[in-house]
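Consider the single chain below, provided in structure tokens and representing the form predicted on its own.
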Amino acid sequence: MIEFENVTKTYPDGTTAIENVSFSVEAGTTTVLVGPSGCGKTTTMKLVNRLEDPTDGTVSVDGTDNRELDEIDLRRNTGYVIQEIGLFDHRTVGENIATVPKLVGWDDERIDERVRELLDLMDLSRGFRDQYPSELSGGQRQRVGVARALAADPDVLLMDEPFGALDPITRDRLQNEFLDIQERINTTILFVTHDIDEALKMGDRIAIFDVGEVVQYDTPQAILDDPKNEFVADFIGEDRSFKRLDITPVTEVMGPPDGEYAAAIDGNTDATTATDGGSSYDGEALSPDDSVKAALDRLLRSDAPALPVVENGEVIGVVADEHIRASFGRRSDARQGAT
């Protein structure tokens, strides 16, 4: 766990970057720090690995004030990814990834195995190992940067606008890939961005900053459902309902597979194609990981009254327009009841 307790950072010229910031980051989760430029989010992140030290208050790692920890060991055990990536141009991809493991004294066999493992994890063929950063695309360099940050199995990973310099298509693809990677690593992540859509997509919890203060710290769903003040509401934007569609999985709104829309999917269910003797669905379908936004988009582009949600070839639910409307109507009623 990482804990910020009444943390203030004031520079010698009298500028206060953050003031009285308090929040806790649970181990193994991703917390996104988001806000406009100059609000203090990057300063807050740098306090974790002591690139900055607080003027007042405490930053604790697993219950210990990080100023009591060895500074070099702390940084070697904290992965760091920045927007500019910062790869060593004169070193190959493999040598870049191996940087920290070599510093901490891993043997060559262990390093070699870790480099291969991370190339696979980042969906980079092993042929990339002997290439140089100048030979890679921006997205490939960013993958190598993340691999280097993860190389020595850090407990904490700091990511400062890691996808900010990429084109929208590459950025979206890397966001999705990183979410998949996140499920396979047990690393506590602090992720800085100025983009609320990225924050909602990437974070288990979000800290929204305004002029050096955390004005709301909560889950993406809770922030969308109940912005704490006008600043948060304005920062999220007027399309809160659409943003909610993007972070809600279809499994939360789908209806039963044997309900009134069952007939709409029966034509694509073939008992002869299944390997286990059961039925198998081979038509157009949604996966359990798809968002409600993706489901709505495909419904609008389809003539079908509903789309099935399929997992391992089996239909586990059905999504129609009325399921989406009913679910978000319940959310609206719940908010009105709470007020």
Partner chain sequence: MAGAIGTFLAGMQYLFSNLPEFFDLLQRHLALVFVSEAAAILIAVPLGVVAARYDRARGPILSVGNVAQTVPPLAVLALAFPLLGLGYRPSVVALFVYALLPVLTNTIAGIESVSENTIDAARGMGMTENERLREIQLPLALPVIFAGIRTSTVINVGTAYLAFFIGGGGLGSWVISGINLFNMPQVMAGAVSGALLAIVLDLGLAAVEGRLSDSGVEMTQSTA
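Take the two forms, superpose them, and find the largest set of C-alpha atoms that agree within 1.5 Å; that set is the rigid core. Note that the coordinates shown come from a computational prediction; the quantities given were computed from them, not determined experimentally. Numbering follows the first chain given and starts at 1.
Keep in mind the form predicted in complex with its partner chain is missing from the figure; the text below concerns it.
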Contact of Arg143 with its partner chain in the model of the complex (heavy atom, 4.5 Å): no
Does the 4.5 Å heavy atom contact test between Ala165 and its partner chain in the model of the complex come out positive? no
Ile82: touches its partner chain in the model of the complex, heavy atom cutoff 4.5 angstroms: yes
Looking in the model of the complex, any heavy atom of Leu121 within 4.5 Å of its partner chain? no
Answer option from Arg129, Arg76, Arg114, Lys243, heavy atom within 4.5 Å of its partner chain in the model of the complex: Arg76
In the model of the complex, the one of His90, Arg173, Arg110, Lys228 near its partner chain [non-hydrogen atom within 4.5 angstroms]: His90
Looking in the model of the complex, is its partner chain within 4.5 angstroms of a heavy atom from every one of Thr64, Asn66 and His194? no
Within 4.5 Å of its partner chain in the model of the complex, heavy atom basis, the matching stretch of 202 to 210, 129 to 137, 244 to 252, 215 to 223 is 129 to 137
Under the 4.5 Å heavy atom criterion, name the residues of 219 to 251 that approach its partner chain in the model of the complex, in sequence order. none
I want to check Tyr132: does it shift between this form and the one not shown by 2 Å or more at the Cα, with the core superposed? yes
Would you say His90 moves between this form and the one not shown, meaning its CA shifts by 2 Å or more once the core is fitted? yes
